[in-house]
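Two versions of one and the same chain are coming, encoded as structure tokens; call them structure 1 and structure 2.
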Structure 1
């Protein structure tokens, strides 16, 4: 049997779509067993196919394409529905299908009793299809197809239990905030299309913006202002999808969806799309130091900002949600300093341990009959031993304890940030020639590194707070849940165990080396600056920081300092209020954006449409006609006296002028 390796891509992408269609159209009649089989098997086979494709690539073969068909041809624009399997998309595909498959299996147990079981699996498969379009597409338009597709699935799955209006609202918020990001993505793509002469294909773009093009001077655009504008527009898109400041607000609300969905979409895969996109277009972003510095800064700020909110949340999923935002911030810090390999590395390890943590929290919530407040739990290690061990492994991994996956990837990012400074590209012209600022930038990245370290401290603290409060101390919830917990079955425990193993061994996979073929350029634009004191001290500092966080969490929530947290909260109530309410950002957005748009919309309708156009314009025209008629009527009303007066006046005027 000679199966073309290219056609594997077709199987990987379209099999989940087939699953979605079967389950969506006929799932109700097929029965649960068939739905489960179709839902899981399509993704499982896709994973196996991805493994084969990966082995092919690993054996030293060239990256390969698979063309489905020509999608859009108009004028100079030619978009193919084409997929491309190189080192980066291989890694992403493996993570997406692998973690995705585990979460499908977990869902069998978690969603087993839901009435809309088939609908759930149809959406989940549709999500896989969209996500695979996003990572495998060989051009930006196919990526955008996936980009919007995952947004739709996210919308549908957050609002999965749509009869709860709050959940439906959370879904809507996610979609709209994502659309704000997509607006940026589109503008960036349109601008790029103009300069790249209608091509959106990565390989063609890469050669347009290649080293040779810079040396020969054939770059399609040399104006650094325009390049920066394009990069920043694309970054807005990344902010929307990957929940960065200022567009992160939808992600915590997205926890309204079923927990496996939070694990798959809102932790492991979809939210990393922004990191993937920037890495994919690294040759473009490297041309704009300003854009890179902006990305790094936003990433670091998001990391610390979300981490502080995570410290005071009580809802187990909210803590994890803010943790996800914070970890995504790390990834952006990484891409912003040009450490693309380290970022994708963190993306992968984060997919493992965050999926594990979310699924673990799902097992806890499931066992506790839907309770999500960690202060109504406690001592759960007795009830859920396997969940406990795996959750602990995930917590250690995210906290950055040496030997576990998160440590290596986080370290790689911070190392990149501490050890690099930016310089500018001589091939570019424009107002922001940056060579003279290179030193400033280097200093700035040191600051960002420190911010990253503080965020790491917070991470270790709030994650262990979560762990201790949930699994240690005394049980504080209601007796019924304790006496009759929903113990997780094999379908839920096996994915947890697999992910726990991955959360350890994932750190030993040489991602940066694996990605080297597609990231050959950065060294030229980023000056390595390994002599800084910070970069030498980095590893001991970050280990210390992690330990301090863990010990502090133990001290304050299990150890002798147990009264202190409530004391802090009451003494510094204003601070607690501000942080607990997420710095009032949602309120700020509501007041500054949502309400004004509503008010303006009403005003336009009532004032412009009703009064100005209809009132003055449409009714005005007949009014003018009527008034003219009335005036003329006055002249010809048949009264002889009036005619006589008019004649006399007219004669007088005539005489006056003729005189």
Structure 2
């Protein structure tokens, strides 16, 4: 294998880091033009390098490694800073660098007047470096380096306008919630390291937990309960990073950051890290039916829960935020039923149409002078024709209309859940993998399929509600914004058009076939239900559901039923209030978790800080020194007579004891 092909991985990973260093340290002095060139060019060249590496792999060549340096050597633990380019990492790298480059270009127009322009691009480049470490790392430690890196960059970018307290608090919330998930991830990684012969390398782990190892009985871990515990701990980390119940609450608030940040981090890249991690370790998760069923259940519940909230939101970015949470739930439903290829397929198509929708919303907000309430917009198709067309394409794609990217990937996930069931592997021991549960799993997955269909109905409805209210209803906003809109320039419109094309043609790429060489499918863990009635009827049902959602949105917001939404909101005010306020989950968390922690922290502050540190440490030490000085001063006062008396008394005592 040529050295040039291997070295492409170094270019892909470290070129964005170079851009972050240059813009971060010298960007303020270099000027806007240089910052723009460095920020965009480093990511653009990384994308080109990733494209060459993908073509090399597509030509039939084997996956390849690039070793940066030996990182950790501690006893039996050996971890290298090494990168691995296979079918999964190739797809993820192309998505991260390709969509990332388009968002960098869009940011040139969107953030052009910001006083911290250089800092913004430094953060974006640093995020790209971290995300590429996450998807290209050849072991879990390098992946965790990127995992924590994207968490840090998320905090920096969400709170980019830190002089606004609400935006700063949103960044803190994202950071803290992600740390909760990361704690579970660390426990799972340490347990795996302990039981897997001290290795965290993907290829070595795959060999240890391979089909052959199960057949010959050489699995390093045979207890189903322990494997389930490891998988569930890793899944906790995925819930935090990919915003699943109960750790989803940070993502809607993350909309406080600049809109291109929402498109990059919270639609196309960072939030898919959990899906990527489970897919990468699919050979391990397939050993635990309980863990797989848990993942599928949480994913389906997240999809329907977030979709219902999106129905009544007024903020254009909040609608898209809850849509992101819902679509991530779909992806976890896919990996939970073992349809890993379908889930990654939806990850890719979602990156295209959701980045398009977020950037389109950014163009709308930019044109409306910062207004984000869709009910203070309307008829914008006349002011923003290109944004209107591209936004419509993204809306059709996410609604699951046949022919567009979202239709194919959603169908793949729903077919997987309707036609698959989990059983156990006879090579494992323990009470959590009994084969008689196979029928239960198959039936439960079909229930989750129905939940997914209801979520799809909600998605089609609230996305076309957003589209119709923003672009078709009568304008209801500020007259100045209508008369003097900030129309997007070419730097903002070109990425929209490219992403619109990808939202159409992206569904025709055979992702499942492309990923087949790296996906595990043990025959005794997946049971196909070819006779499932739901599976045979799924496509016409799915198309019907999408059409119902679209027609309902048109009828209620453009057609003759325009008065019904306000009537429903007034007649069912309690329900509208509950859903509009996101089921008061944030308030519940604040009352049950945040406030008690604050009370305990304040009590500890009084005891530890004021009593121990201030009382004993700060004021106590001088008091001891002062009292000691007073006692010594009483004796050492300079009077010779007292010294003589002390000497005589001392000699008398010595004579008495030594006689």
Partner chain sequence: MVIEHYGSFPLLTLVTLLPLVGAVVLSLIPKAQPSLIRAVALLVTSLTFLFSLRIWSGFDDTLAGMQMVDSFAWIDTLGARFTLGVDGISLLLVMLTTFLSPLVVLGSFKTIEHKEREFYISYLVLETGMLGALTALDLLAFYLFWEFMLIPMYLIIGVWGGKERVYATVKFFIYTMVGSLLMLVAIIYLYLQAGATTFALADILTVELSHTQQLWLFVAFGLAFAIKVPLFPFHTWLPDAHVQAPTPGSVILAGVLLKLGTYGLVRFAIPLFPDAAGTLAIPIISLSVVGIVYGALVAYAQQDVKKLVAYSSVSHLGFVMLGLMVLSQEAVEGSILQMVNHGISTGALFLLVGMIYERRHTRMIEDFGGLAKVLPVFTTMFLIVTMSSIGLPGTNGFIGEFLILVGTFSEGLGSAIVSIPDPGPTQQIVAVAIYVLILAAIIALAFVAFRDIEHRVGKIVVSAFLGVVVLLLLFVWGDATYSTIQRGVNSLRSWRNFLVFMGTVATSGVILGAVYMLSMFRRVMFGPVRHIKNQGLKDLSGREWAVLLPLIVAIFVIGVFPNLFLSKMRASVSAFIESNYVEVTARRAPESLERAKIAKQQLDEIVATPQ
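Numbering follows the first chain given and starts at 1. Quick caveat: nothing in here was measured; it's all calculated off a predicted structure. Under this definition, the rigid core comprises the largest set of C-alpha atoms superposing within 1.5 Å between the forms.
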Checklist outcome for this item: Block containing the form predicted in complex with its partner chain is structure 1
Checklist entry - Against the rigid core, is the Cα displacement of residue 634 between the two structures at least 2 Å? => result yes
Checklist entry - Any chance the CA of residue 603 moves 2 angstroms or more between the two structures, core superposed? => result yes
Next on the checklist: Please determine whether the C-alpha atom of residue 650 is displaced by 2 Å or more between the two structures following superposition on the rigid core.
Outcome noted: yes
